[in-house]
Ligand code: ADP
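Just the one chain here, the form predicted on its own, laid out as C-alpha cells.
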Amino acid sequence: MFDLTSRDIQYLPGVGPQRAAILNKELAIHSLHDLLYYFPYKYVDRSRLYRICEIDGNMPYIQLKGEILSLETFGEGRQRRLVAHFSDGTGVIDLVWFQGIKYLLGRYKAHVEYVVFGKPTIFNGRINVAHPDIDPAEGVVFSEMGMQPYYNTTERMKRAGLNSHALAKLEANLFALLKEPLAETLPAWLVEKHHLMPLDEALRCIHFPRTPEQLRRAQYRLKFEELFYVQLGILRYAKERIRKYRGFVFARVGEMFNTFYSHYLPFELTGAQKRVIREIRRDVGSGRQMNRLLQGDVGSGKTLVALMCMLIALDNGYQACLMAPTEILASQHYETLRRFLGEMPVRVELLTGSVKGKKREEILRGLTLGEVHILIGTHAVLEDTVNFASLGMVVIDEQHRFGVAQRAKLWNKNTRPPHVLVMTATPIPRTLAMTLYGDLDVSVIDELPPGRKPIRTIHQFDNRRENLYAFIRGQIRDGRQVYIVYPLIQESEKSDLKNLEDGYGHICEAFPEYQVSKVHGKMKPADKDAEMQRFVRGETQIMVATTVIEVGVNVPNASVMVVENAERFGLSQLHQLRGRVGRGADQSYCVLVTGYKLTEDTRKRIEIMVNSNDGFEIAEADLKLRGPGDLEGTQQSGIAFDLRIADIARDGQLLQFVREIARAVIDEDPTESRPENAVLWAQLKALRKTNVDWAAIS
C-alpha cells in the first residue's frame, strides 16, 4: 500500500496543478491523506424522488426527475442570470444560475432527462431552485444514491468549480485508487474490545454512508480514535515528565506560613480555599514537581491561596515568583501582597519593563543573593539577566496569555524545575480542561469569600436609556463608580454597533456633572495605564472602555458594569466583564443592554447570564452554544492539535471514556514494548510529527 501522506494531491485524477493550488491554500489539503480526512459536515438522503406538484418553498432539499423545456438569460453584466424552465409533467419550476452562464449553456440541453437536486424557494410567486446539482438521468440509480455528503467550501473554491459536489467526486476518485484496505491505526485488541468499525470501512462510510446507522458507527470509530490519541499523547507526556523531573520537597510548614495564618489573614478562609491549600501542600511535599491549574471566579480569593503557597516555599528556604500578563495587573498583585503581609519580614519586589536603572540593579542583586523573597513581574521576569538564588515556586496568573516558550524559560531559572501553580479566572469546563491542561492537576475554588454579595444581572432594551441613566446617577451619588463597555472603537460601515468614540461623546453629554475616563486597546500602554489609574484613584466616576478591562483592574468602589450591544459578546466574555464589579461589600449590578431583535442563541445567552453567577455553569453552557473554537481566545490558542471530527463540547463523555482507556494502556505498557501495542506507539509517533506538539500543552 502506498503512503497517502506523501502522495501530492495534484496527481489525483480530477485535480491537476491549478486545483491543487486552491486546495492547498483554501483547505490546507496537500496530500491524499489530507483529502481522505477532510470530512463532510452534513448528509442529505437522496434516495427519495419528489414530484413538482408535491413541493412548496419551505422544504429543506428536494430531488426531481424531468426535462428542461427551455433556457433563457435575463439582465446584463453582473445582474445577468440563466433560467431553465424544468418540468416533470406534474408542474413547472425555474432553475436559476448567477455564475458560469457560458459554461452552463454549452452543457445543459432542452428535452434531455435530468435529475435535479437543490433547495426550493419562492420568487415572484414561482418556485425556483438556485444553483442546483444536475446529473443526466440515465446514469442515476436511486437506490444507490443513499446519503449524499456535503463538504464545507469557500467562495474561491466555488468560483473554480470546486463545490461540495466536486469534492465528493474527488473523494470517490481517491477510493477508486485504493485497491486494498487501509492499514489499521488502532491495535486489534482495542478494535475488538470496543466493537469499533475497522478503519478502512469507517473512512469509506464517513464519506459515502448507505444508512444513518452505518454513518453513526463510522463517526463513533473516528471520534474514538482522534480523542484517544490526543489523551494518550498528553498522559504519556505527563508521565514522562514526572519520571524525568524530580520536584523540590517542601517538607515543612514553618514560621512564615503559621505567623501569617494566625496574625495577618485578612478574613477566614472558605472551605474551598482550605481544600486547595491542602492539595498543593500534598503536591509540594511529595517529591514530584507540581503542575497545578487553579481555577476560580474573579474575587474568589485565588491570590490569597497563591500567597500562602509561596510562604510554604519561603519556609523551606526557596524563593517564589508571581507572573502576570500586564503591568497594571502585576502592580495590583504587588500592592495586594504587600497589604496582606503587613509588617512580616518578607521582601517583595516588583519587576516590570518600566523598572529601570538603579532600582532594577538593586532588585536583580537581591534576587541572586536570596534577599528578595517574592518577585512579582511581567514578561520582564523571563529575561536572562534575572537570576534567582533558589527559585522553588512559580505562580502564573491568566496562563493563556503566556506562550509555551516563555514558560519553559522559567523552568531554567533553577537546577530543577520549580513547582508551578497556574491561576485562571476563566472557568474552563472539565472536558476542555482535560484536553488543554491534560497534564495539569486541577483545583477549583467554588465559593465566594464571606461578605461578598452576588452580582445582580439585569437585561435592558436600549430604548429605555432614561431609566438606565437615572439608575447610574443614583449609584454615583451614593459614591460608587461605573464601567460602560462597548464592542468597537470606531464606527465601521458594516456595523451599527454603539462604538466607543460615539459612546464616549454621548456619555460626556449625558453626564456633564461627572468626570469620564476612556480606555481602549489601541491606546499607548502608558496612556491606558494613566487613565486606568485615574479611575482607580476615584478621580473619574465613569470608565468608558472596550473589553481591555476584561482582565485585571481591581476597583472595589466600582459597582455597576453596563455592557452595550451585549448580544455581540460571548458568555465567557460577559462573565469576565461582570467580574470587574462586585469586589467590595456593596451590592453590585451588571446591566446587559441589547436591541429588540435577538436570535434564539442570544436570548439563551442573556438568560443564562441573568440567572447564573456560576462561572463553570456558564462556561459549560458557552461550550455547548458556541463550540470550543470561540471560547474567547482562552482555549483554542492553547489547543496544540486540530480536531477533524470530534467536538469537545458534544463528545465530553467519549473524551472521559477514552482517557481512562489511554491511562490503562500507559499503566500496563510503561516501557511501550508490548508487541500487541506496536501499531499504537507507531501511530502516536507519526501524529506527533504531523500536527501535535505535546510539550505545548502544559
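The structure presented is a predicted model; accordingly, all values stated were derived computationally and were not measured. Counting begins at 1, following the sequence as shown.
Separately, the form predicted in complex with the ligand exists; it is not shown, and the next lines address it.
Contact check for Lys302: a heavy atom falls within 4.5 Å of the ligand in the predicted bound form. Under a 4.5 angstroms non-hydrogen atom cutoff, the ligand in the predicted bound form lacks Asp622 among its neighbouring residues.
In the predicted bound form, Asn554 approaches the ligand with a heavy atom inside 4.5 Å. Proximity of Asp297 to the ligand in the predicted bound form falls within the 4.5 Å heavy atom cutoff. For the candidate set His520, Arg583, His379, Arg360, a heavy atom within 4.5 Å of the ligand in the predicted bound form is found for exactly one residue, namely Arg583.
Checking Thr153, Gln219, Asn291, Thr270 against the ligand in the predicted bound form, a heavy atom within 4.5 Å turns up for just one residue: Thr270. With the partner left out here, the ligand still marks one of 184-192, 442-450, 100-108, 70-78 in the predicted bound form; by a 4.5 Å heavy atom cut-off that stretch is 442-450. Along 659-684, not one residue places a heavy atom within 4.5 Å of the ligand in the predicted bound form.
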